[in-house]
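Starting off, we have a lone chain in the form predicted alone, written out as structure tokens.
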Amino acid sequence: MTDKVMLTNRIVLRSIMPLFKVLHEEDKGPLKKLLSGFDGVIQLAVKDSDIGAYLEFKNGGLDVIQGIHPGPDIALLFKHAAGMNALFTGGIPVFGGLPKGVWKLPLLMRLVMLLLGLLILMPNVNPKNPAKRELKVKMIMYMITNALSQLNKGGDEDMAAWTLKQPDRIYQMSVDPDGPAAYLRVKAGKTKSGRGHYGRKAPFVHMRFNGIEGAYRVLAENKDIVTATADGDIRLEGSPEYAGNIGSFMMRIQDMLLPAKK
């Protein structure tokens, strides 16, 4: 049976941390401009392991790279994978010692800004600004398509069995008329996610959201697909059975990432 903690950690590292780059590109604020001259590497990792990813700020840009950097400027080490997961899933992170390099305040501030920006994904955060609502939709769409692929690559038995029997198929999400889009490609047990519209073949399943608000109600407010379809928030094109399968796997990922209800 797949280790749920490690599978969640895989999604944290490969599906959530890359959203830092989206936040960095979208941020046009004065504080970002003020700090843009301070480059460096920030490592997040599980102590005494090869589990981690790092942020590399360079020439005004940001890359999120999987693995362990040999000499990061700042290193946040966690006691275990669950302790790292908590930082991104609304829990209490468990560190494995004092952070390294936190005296480099401008670089630390860049991390803090990104972590605060990531809070937009939390279900209790409901921005009113249209640009922020679109950003939340975009980030959820990018995250969920990538997380579906990571669920398969991380060894989830149900997802692996579901993908194994399929030929080359595209599961597309998009916001009409010209909003964000992302897709999952499935082929004989292998999966790959991407942003935008897949251009080489028509989708096997296409979830088309009626504008940002329609997408927001489904992706951010968890409006069920049947009601959303009846209300015109979403139009499903393609196999309803396989669209339902995708919806079930999306709910599984949501349950892994959201804090447990008390």
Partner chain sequence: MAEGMTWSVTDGDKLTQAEVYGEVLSQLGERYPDLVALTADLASSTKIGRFGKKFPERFFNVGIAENTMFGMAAGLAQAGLRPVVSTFAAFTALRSAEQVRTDICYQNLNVKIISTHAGISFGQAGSTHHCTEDLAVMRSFANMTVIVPADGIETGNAVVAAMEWPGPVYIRVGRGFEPPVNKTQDYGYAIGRAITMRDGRDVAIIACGVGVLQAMRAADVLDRQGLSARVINMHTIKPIDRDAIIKAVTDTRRIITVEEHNVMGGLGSAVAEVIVENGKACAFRKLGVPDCYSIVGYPEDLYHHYKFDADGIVETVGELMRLEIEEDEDWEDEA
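Numbering follows the first chain given and starts at 1. All values derive from a computational prediction rather than experimental measurement.
A second form of this protein, the form predicted in complex with its partner chain, is not displayed here; the remarks below concern that form.
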4.5 angstroms heavy atom contact with its partner chain in the predicted complex for residue 216 = no
In the predicted complex, residue 169 touching its partner chain (heavy atom, 4.5 Å) = yes
ask   = Is residue 33 close to its partner chain in the predicted complex, meaning a heavy atom pair under 4.5 Å apart or at it?
value = no
ask   = Should residue 54 be counted as a contact of its partner chain in the predicted complex, where contact means heavy atoms within 4.5 Å?
value = no
task = Kindly indicate whether 20, 43 and 91 are, all three, within 4.5 angstroms of its partner chain in the predicted complex, using heavy atoms.
result = no
message = Only one of 183-191, 127-135, 111-119, 74-82 has heavy atoms within 4.5 Å of its partner chain in the predicted complex; I'd like to know which.
response = 183-191
task = Pull the contact list for 139-168: residues with a heavy atom within 4.5 Å of its partner chain in the predicted complex, in sequence order.
result = 146, 149, 150, 153, 167, 168
